[in-house]
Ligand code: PXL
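Just one chain follows, in the form predicted alone, and it is written as structure tokens.
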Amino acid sequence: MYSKQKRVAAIHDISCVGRCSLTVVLPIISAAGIDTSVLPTAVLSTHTGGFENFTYRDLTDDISPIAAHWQSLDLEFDALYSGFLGSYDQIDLVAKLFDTFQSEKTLILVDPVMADHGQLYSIYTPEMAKGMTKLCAKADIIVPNLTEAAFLLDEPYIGEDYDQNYIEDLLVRLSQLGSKKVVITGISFDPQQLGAVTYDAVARTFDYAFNERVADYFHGTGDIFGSTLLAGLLNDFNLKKSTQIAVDYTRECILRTVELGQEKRFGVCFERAIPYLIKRLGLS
């Protein structure tokens, strides 16, 4: 007997070329059997990494009317999932949307997409980075990388010079922003391994999810990870198992990209690895 299909509201930008944000989020969560509604925060001709002269349209003025129409339809969501925001004003608008659609059953996952390798993305400002803590306070789970973690805590980015104690302390301090569960991505304690570390502030437990590192940097993998993590959680896997599935699927996508010799700035070939994801989620 089938249970009612779950529904997610994904609040991210659309990068028309370069697989990331909604062009990754929508197909991955949909492939996991979940009804995925979208609320675009901006439209870009390409993503901002590796491309020049990209176009950018801020959709701040569209967020409230879309949310109001959804409310008039009495829509309910099993999860609210935010990523890249198009302006500082969107922080308050998305926070309000969380308040409007959150219920006891609603999971809020915030990926504070704003920075990497110690630098903010070109469209972001320090004010936006500081304001992002407001959304993190409303989340059940946040999924920053190390650079984003540093901006959220208003401290220097230390690069690769960290150990397990530092990461665990970072996770605890991030949870004090308000989210009870935190996942930091892009962590490595061994040059041959790469993955993520999780913290549950209620249980006070840390878990580790790693897989063999694939050399080089690939755009869009953070969105693949976050979407897969949410897909796992909504398919009733716990945080530890969902994180491991997300690490493994992200690596699988990278491997397919390397095998096909694809240009990295266009993102990874996640489409070729969707059968792998469906099998890992037990949906095949």
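If you're wondering where the values come from, they're calculated on a predicted model, not measured in any experiment. The first residue of the shown sequence is 1; numbering continues from there.
Although not depicted, the form predicted together with the named molecule is the subject of the following passage.
Among A32, L44, I63, V247, the residue placing a heavy atom within 4.5 Å of the named molecule in the predicted bound form is L44. Checking F77, F84, Y199, Y81 against the named molecule in the predicted bound form, a heavy atom within 4.5 Å turns up for just one residue: F84. Although the partner is absent from this view, N235 stays clear of the named molecule in the predicted bound form, with no non-hydrogen atom inside 4.5 angstroms. Although the partner is absent here, I11 sits far enough away that none of its heavy atoms falls within 4.5 Å of the named molecule in the predicted bound form. Proximity of D223 to the named molecule in the predicted bound form falls within the 4.5 Å heavy atom cutoff. Within 4.5 Å of any heavy atom of the named molecule in the predicted bound form lies no heavy atom of L109. Exactly one of the stretches 254 to 262, 66 to 74, 48 to 56, 238 to 246 approaches the named molecule in the predicted bound form with heavy atoms within 4.5 Å, and it is 48 to 56.
Along 107 to 142, these residues reach a heavy atom to within 4.5 Å of the named molecule in the predicted bound form: V113, Y121.
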